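Presented below, as C-alpha cells, is a lone chain in the form predicted on its own.
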C-alpha cells in the first residue's frame, strides 16, 4: 500500500490522492487500509517515512570530504537533486505544512546537518551558533528546492548562488560588521573548501587546519 500511494503521489506531485485509488491499486478494501494505517494521514506519514529512507540512503552513499563546510555544500546539492528527482516524495516531506506538526522522519537529516555545523563551530568556522547555522542552511535549501519543483525546471545557478550566500552568512565570509573579525582567514578557508580540487583533498584539509590553528593562536595571544 505504501508503494502504491508513493506511485500515485509521484505521478501528481502536490496533488491530493484518493484512498480508494490506493486500495484499488493493491487489491484491498478500505477497512484493511485503516487497520494498518489508522487514517489517511497515517498512510501519508508512512509514505513520508519511505521518502526519507530513500533520501538518506542516497546521502549515506556520499563520501565525507573531511571538511564540515564542504560537506554542507555537498549535502545541499544532494538535497536539491533528490527533490528534483522525486518531486512527489519531496512535496510531502517538506512542502506540506501543518502548523505545529513536523514529521518525525524530518529529524534524521536535520540531525546530520546539525552534526556538520557543530563540527564547524568546534573549528571556529561559524559566526552564529551551530543550531542557528543548521536552521539557516535547511530553510534556504528547502526554499530553493521547492521553487525549482514549482517551476518544473532546474536552476543550478540560483541554487549555487543561494548556497554560497547561506554559507557566507554562517561562516562570516559575507559583508557587514559581524563579519569583519577574522574575515580574511574565513574567506581563505571557505575558498579552499569550496575548491578542493585545486590543492587536492588532503592538502585542502591541512590548509584549513593550519589556518584555523593560526587564527586560534592569534585570538588567544
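Residue numbers count along the first chain shown, from 1. Only a predicted model underlies this, so the values are computations on that prediction, with no experimental measurement involved.
Omitted from view is the form predicted in complex with the DNA, to which the following refers.
- Query: What is the one choice in 191, 161, 56, 30 with a heavy atom within 4.5 Å of the DNA in the predicted bound form?
  - Reply: Here the answer is residue option 30.
- So which of 156, 66, 165, 38 gets a non-hydrogen atom within 4.5 Å of the DNA in the predicted bound form? So the residue touching the DNA in the predicted bound form, by this definition, is 38.
- Applying a 4.5 Å heavy atom distance criterion, does residue 207 contact the DNA in the predicted bound form? No, no contact at 4.5 Å.
- Query: in the predicted bound form, does residue 211 have a heavy atom within 4.5 Å of the DNA?
  - Reply: Answer no; every heavy atom of residue 211 is more than 4.5 Å from the DNA in the predicted bound form.
- Does the DNA come within 4.5 Å of any heavy atom of residue 18 in the predicted bound form? Looking in the predicted bound form, residue contacts with the DNA include residue 18, since a heavy atom lies within 4.5 Å.
- Can you say which of 165-173, 148-156, 191-199, 38-46 gets within 4.5 Å of the DNA in the predicted bound form, counting heavy atoms only? That would be stretch 38-46.
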